[in-house]
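Below: one protein chain in two forms, given as structure tokens, structure 1 then structure 2.
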Structure 1
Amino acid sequence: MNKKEILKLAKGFRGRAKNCIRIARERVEKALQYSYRDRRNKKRDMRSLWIQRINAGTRQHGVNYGNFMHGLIKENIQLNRKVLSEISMHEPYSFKALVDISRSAFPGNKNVVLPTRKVNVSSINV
């Protein structure tokens, strides 16, 4: 890259990194390395977020994430995690129907007991 392109990319940097060509070149190269790395990390982070949302939705119905996904695969329901997370957040009745389908397909989902609430003993008046 020539000097003009480097300084154009360095616009907004602090100190001499925006106008001294040697320092600007180093900072721009490092910034491009970070952007390359983080374009891949963003995909990883989004998948993790979708899985967390699906897991939260399934646990409300007494099924964990792994058993839910296994049941969907056995029933040949091919919805990706992004769509499943959107359904779990915005369409709870449709998501419950998916959980019920998954529960019927996989026997590990049938005998699941919903978690009990913890009761604070100090708040009970005797």
Structure 2
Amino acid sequence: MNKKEILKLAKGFRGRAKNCIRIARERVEKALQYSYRDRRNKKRDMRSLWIQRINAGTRQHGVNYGNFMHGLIKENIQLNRKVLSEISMHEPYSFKALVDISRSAFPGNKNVVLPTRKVNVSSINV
């Protein structure tokens, strides 16, 4: 890559790395290495985020993520975690239907307590 392309890629870098070619070249190479690595990491991170969101959504209905997925597999529902997390955020009624199907297929959650509203002690005026 010639100097012009390197300095174009170095926009937003800190200090001399955005202006001086010898420093910019090193930083841009590092940035490109990170982007190569992170394109693979992004897939892992997104899946982890989806699982957290599905977990949060199902725990509101008294089911945890593991039992929920087990129930879906038993019912041969092949929705992936990306779509499940989107449904849990934007389509609450469809998501509740999925949780009910999973719970009937695998009733594993006898001891899970539904989250109760915690009252802030300081807000009570006595």
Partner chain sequence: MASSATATATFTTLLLSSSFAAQCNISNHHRQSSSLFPAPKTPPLSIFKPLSLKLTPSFLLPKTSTFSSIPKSSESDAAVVDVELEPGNAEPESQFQSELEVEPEPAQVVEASKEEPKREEIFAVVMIGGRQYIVFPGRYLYTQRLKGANVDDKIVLNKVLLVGTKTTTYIGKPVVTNAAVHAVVEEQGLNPKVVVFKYKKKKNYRRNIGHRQPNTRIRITGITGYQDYPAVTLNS
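Numbering runs along the sequence of structure 1, starting at 1. Rigid core: the largest C-alpha set superposing within 1.5 Å between the two forms. Bear in mind that the values here come from a model prediction, so they are computed numbers and not experimental data.
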Checklist line | Matching structure (the form predicted together with the partner chain), either 1 or 2 | finding: 2
Check: Against the rigid core, is the Cα displacement of Arg27 between structures 1 and 2 at least 2 Å?
Finding: yes
Check: Whole degrees only: how far is the smaller rigid part turned between structures 1 and 2?
Finding: 17
